[in-house]
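Alright, two takes on the same chain below, each alone as structure tokens: structure 1 and structure 2.
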Structure 1
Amino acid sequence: MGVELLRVDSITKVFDGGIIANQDISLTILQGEIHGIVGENGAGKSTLMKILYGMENPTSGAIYLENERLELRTSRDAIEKGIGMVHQHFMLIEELSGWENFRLGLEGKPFLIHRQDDLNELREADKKYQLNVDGSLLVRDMSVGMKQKLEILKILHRGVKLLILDEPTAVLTPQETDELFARLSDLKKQGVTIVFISHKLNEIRQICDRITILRDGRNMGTYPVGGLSNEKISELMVGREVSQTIDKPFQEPGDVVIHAENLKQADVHGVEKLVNVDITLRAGEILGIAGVDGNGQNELFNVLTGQAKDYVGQIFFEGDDVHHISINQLNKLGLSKVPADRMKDGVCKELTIWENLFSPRIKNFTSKFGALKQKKIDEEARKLINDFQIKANAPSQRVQTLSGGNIQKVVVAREFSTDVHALILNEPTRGIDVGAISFIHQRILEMREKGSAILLISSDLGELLSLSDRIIVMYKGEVVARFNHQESPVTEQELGLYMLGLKKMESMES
């Protein structure tokens, strides 16, 4: 290590409207290192990586790979030059097999498909990189960890010199993360250089050699990982001190707010997504839901929030069966929700901040003749923008111009600022920076203290363990374990065994 592989020289990217994503960024990636990239949402990480992968063109500046200046117009250009990227959301076709996905995009393949030849080619590549991918499986039947390794194998087989990984552990169990890190260490020994983007600072410190910190589109410096504490990294990322600890005092739960009995749901193919799920959620407690992505958590969220009615079983909200109650009626009863996909389900990005904040209760801001009380709207919106620390110019600013973390704060401000009896959260901090995470965690704990019943679905086990009073684990749509985490703390490793289906509790109470 020590020889320059890739050099970014004064890269600037200005989008339409004068929005500066990257400002005069320079950095060097060394041959055979694992190089961490961290920064807040909106710090410029994604834009810089898209430029390196040919998905965006820089406004100015240059990229050099092994001292050759690159002109990257497409991702194919990047791959041909030796730069590959595995995105956080996998680019696989679920209904095809591993070998079919592996074959897609390979140069020089004959028109006619030869299954055994292609499967053997995958197996030879897998033997070389030791990723343990079963290419005969349909992608939909693979674990999340195997899907990710298939993506990595596809890129490596194309002969890349630089592998970019975007939030590679976001949906992995601790055991899968350990396995991934072992494979990345092997790849490093084979001479593959890796750029590792993550918001999990402990993992950055575990696997990376050096770290580059971005803030507001600028490079705040590149450091040896061992030379910085998590607190110092966070401070460089957000420009202020960020507390790494969560103060969650013991609290006795109150009355039952939500009780679900024997929930069952299947998809259009008849595959069971929820299997005899029982849940009891009490006032003033946080119930965490752990599970590898795709094991019924999203279906549970949709059923509990009234967005899906095609289930068997019963759901009681403060004693009343809510099967035939509309989403609007549930909201009026005091049910709030934060969906996993903020852009698709949480906001209307073309509308303004105030329109997103008040659309569910716009009648509170209209006169008896139907006219909007704009002064009242602006006053209340400015108060929420201030209270929830949303970085915005005005309530009239369109949501699509905000960073991901600030968009998430808009969703949280809307859902937390009403009379909340129950709060259903699905990945409330996924893909946002450490400063916004710390803020949202504190708000969740404030809601707990006020007596709201909170259900927290999260793939971040650190988040679950920090916030939850009780934790249940889901595997293939079934509850396989329950823990009273407030009284007898459980570890990430223990949760991981149940998440992978390696263990199952025989006797459990809801």
Structure 2
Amino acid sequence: MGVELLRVDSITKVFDGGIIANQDISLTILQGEIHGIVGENGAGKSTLMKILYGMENPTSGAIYLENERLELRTSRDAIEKGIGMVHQHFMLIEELSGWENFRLGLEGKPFLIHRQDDLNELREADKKYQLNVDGSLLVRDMSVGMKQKLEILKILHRGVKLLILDEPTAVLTPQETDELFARLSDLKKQGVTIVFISHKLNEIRQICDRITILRDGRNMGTYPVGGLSNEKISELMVGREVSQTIDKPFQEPGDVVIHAENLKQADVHGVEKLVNVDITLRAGEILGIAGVDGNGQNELFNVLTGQAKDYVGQIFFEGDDVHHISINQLNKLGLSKVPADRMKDGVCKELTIWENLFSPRIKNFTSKFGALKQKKIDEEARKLINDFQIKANAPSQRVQTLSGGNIQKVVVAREFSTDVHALILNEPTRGIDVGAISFIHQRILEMREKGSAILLISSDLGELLSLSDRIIVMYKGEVVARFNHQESPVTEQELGLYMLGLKKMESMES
């Protein structure tokens, strides 16, 4: 321990179109350690790893392996130099067997394929690293855990010094995760250095020696894992105290705005995404939806905002069944929404700020014959840019030239500036800067005060706890808990138990 294996020297990566993924990142990975890289979605973890694995070229900066500067053009270069990576989505050919996948890309193989030789080679490697991969199986018949181990074996057999695992536990069951961790510890004993990417703090704590925390593409520091509390790690990851208190006056909720009964929805494979969901949303309250990503929150968003009509059950918007109401009509009735993927659903990035601001209600800005009233547009757009503190030169600036936080402010300005009866927010502050986050939080509270009914879906528990009046927890498409947070506050830990499906409230049939 203590000997430097890999050094990353002020790597900056700017993607075409100007998105900055990594900014001046430097870090050192020591021989024989398990090094954790943590950070929120979009913090730049994956980009950094792709650079190390030769899949992306850094805009500036350098990588040194054992003090030798590396020029990585392709993944093949990286493997030759001794850096291997297992991707979150496996790079295996499902229709081929384990040994065929194992053999692909190996150097010095004869022209003709000798099944038995290759299979033996795999078995020998498997014995050496003790991974228990059955190379004679077709990959599609393997369990997810075995596929992953096959990937690891493939990489190790190529003689890598550094093994990068990109969120390896995201696809595993708890038992498979334990098994993987046991194998990783063994590999560590054999002298393999491992970089382990995750955003699950418990796992990091369990297996890593040191961790590096990334936020907004910047390195927030490298620490020995023992010396850091979970609170400190999340503070570094998120960039503010997680249990941040926001001044929120008590407010009695008003009339029901959205009422949904017995919502059910299944995907094309027949997997149930929403199971008997009941939701009542009143004017002047914020209802938070908690849950681990992918437990039906996006489906709920699409159903409530009228984008998905293939649901069973009923949704009432101010008393009217919305099943046959178009998105455009819902807009007019006062339903506003902030979608999770702002670049795809929230804005049209090639268009200008004013076009993005006014596209849902462009009728208000046109003459009888459909001509645009440029002057009125310009005035109102400037007003909104000012009100919502959007950093821009002019309303005619293209949205794609703004920073993430400012793009989100454009979305918020569009959705918050109309006569809003209900506001449905999906991850309204994901991946944007701190200033923009607190600005948007302020605006959400203002909308509550004005009497909008607000539904807030967020994977940021701090945000949920500080904004919500009531909180619902979703697990596998089902509502498993309801809390009246305004009257008797809940804690993050308590929510966690329900989010992970460890607990379920009894009276959830109603």
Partner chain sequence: MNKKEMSVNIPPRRSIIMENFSIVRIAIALALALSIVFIIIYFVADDPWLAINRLVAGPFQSWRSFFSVIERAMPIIFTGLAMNIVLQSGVFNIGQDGAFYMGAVLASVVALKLPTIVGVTQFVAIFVSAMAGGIISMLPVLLYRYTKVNPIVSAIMFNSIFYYGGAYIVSTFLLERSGTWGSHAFPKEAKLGLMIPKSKMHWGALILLIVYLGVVYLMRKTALGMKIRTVGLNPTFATNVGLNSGLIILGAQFLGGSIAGMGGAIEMLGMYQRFLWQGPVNYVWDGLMVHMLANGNPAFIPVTAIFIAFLRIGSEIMSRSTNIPPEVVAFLQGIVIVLVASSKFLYGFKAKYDRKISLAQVRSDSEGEFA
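Along the sequence of structure 1, residues get numbers from 1 upward. Here the rigid core means the biggest group of C-alpha atoms that line up within 1.5 Å when the two forms are laid on top of each other. In this text the structure is predicted, and so the values were computed from the model without any measurement.
Which number belongs to the form predicted together with its partner chain, 1 or 2? Answer is structure 2, the other one does not fit.
Honestly, after the rigid core fit, is Gly477 moving at least 2 Å at Cα between the two structures? Comparing the forms between the two structures, which are aligned on their rigid core, Gly477 does not shift its C-alpha by 2 Å or more.
Superposed on the rigid core, does the Cα of His421 end up 2 angstroms or more away between the two structures? No, His421 moves less than 2 Å.
My question is whether Lys349 is one of the residues whose C-alpha shifts by 2 Å or more between the two structures, given a fit on the rigid core. False for Lys349: its C-alpha shift is below 2 Å.
Relative to the superposed core, what is the Cα shift for Ser75 between the two structures, in Å? Ser75 C-alpha displacement between the two structures, core-aligned: 6.9 Å.
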